[in-house]
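Only one chain is shown below, in structure tokens, and it's the form predicted alone.
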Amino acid sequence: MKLSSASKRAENYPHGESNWYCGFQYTAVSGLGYEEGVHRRDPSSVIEHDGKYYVWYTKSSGVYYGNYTNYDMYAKKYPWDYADIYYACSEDGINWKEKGCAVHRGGKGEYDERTVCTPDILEHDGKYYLVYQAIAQGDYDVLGESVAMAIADDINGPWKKISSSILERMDSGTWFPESKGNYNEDEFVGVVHDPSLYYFNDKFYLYYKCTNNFRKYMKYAGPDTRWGVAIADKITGPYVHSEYNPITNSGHETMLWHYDGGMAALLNRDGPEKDTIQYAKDGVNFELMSHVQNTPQAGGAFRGKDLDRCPLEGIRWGMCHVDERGTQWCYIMRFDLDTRLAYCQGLAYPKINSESII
């Protein structure tokens, strides 16, 4: 018997249990949906308080110009440029009411003067912690982001910013110590995008996205994005980049959740292992568990309490966005595990009007 190249590769495929496999379905929501002239995007994880669900997100207004700004460094370049962080609440996860601005961008000369965006939320020891990207005024692509934090005693605020960022970008360099510095493949810019914070193993794990040279070199049907983690003993830091970074080789956006004493992650959109679910018992060394379908863009999952119920409980439902590739004005919608493709035994799915499924 002869083996084809495909069959030889298949011998080394990971064979995860069926309860790691899933797809997703999408539902339009009220209150956060399409609005001409307004961008709502990058929703945080969803948390529950007093019978209501809460989500935080990036909000900005007006036309953006990408890199076609005639070298005007102050022009709005992206939907998340010149943005603030807003929040909304809902009783059913479908009908949302925008409550107002949670975190404004900073004043003149401050490290977050230009924009604050892509938030995530952690509730810990009776307080609420928002982590998010921040950037000072100037040329957006030259300055690069840092990670900021705001703290509140009440879920509705007021939010008090920490006076300086909690994580700075890594030094640019090469992905691997033995690299010869191949500009096309190995060089990276030490950005810290899309922060997400978790209390894990009695420490605080701050996950973030890093990328290659400003996405000039497209590989694997998408930018060469990977993920890193910084770890701290105290929630306000100092955070230290892990010596294992990058800890993934894929994932434009990543949803993470606690499961079985470790961390699970859904990596979407970019890289050779895009649209997979992975698991790391130590929160760092991720192994591929399954390939999944129709993954959410910039998803923020509901952070429930019974996450060990099954591997997929941590992504049972949440919020995501339709971004600038699909519409001029970004907006938020809801995702749910597709009941036809999820294998969590006994998992309770919400009843959704099939006419609203996108």
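On a predicted model such as this, the values are computed, not experimentally measured, just so you know. Sequential numbering from 1, following the sequence displayed.
Absent from the display: the form predicted together with a small molecule. The rest refers to it.
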Quiz item: Would the small molecule be touched by all three of Arg40, Lys59 and Asp120 in the model of the complex, meaning a heavy atom each within 4.5 Å?
Solution: no
Exercise. Among 273 to 281, 193 to 201, 93 to 101, 226 to 234, mark the stretch whose residues have heavy atoms within 4.5 Å of the small molecule in the model of the complex.
Key: 193 to 201
Quiz item: Of the residues His241, Lys161, Arg169, Arg269, which one places a heavy atom within 4.5 Å of the small molecule in the model of the complex?
Solution: Arg269
Exercise. May I ask you to state whether Asp112 is within 4.5 Å of the small molecule in the model of the complex, using heavy atom distances?
Key: no
Exercise. Using the partner position in the model of the complex, report whether His252 sits within 4.5 Å of the small molecule, counting heavy atoms only.
Key: yes
Quiz item: If you check in the model of the complex, is Lys209 within 4.5 Å of the small molecule, heavy atoms only?
Solution: yes
Quiz item: Even though the small molecule is not shown here, does Arg316 get within 4.5 Å of it in the model of the complex, heavy atoms only?
Solution: no
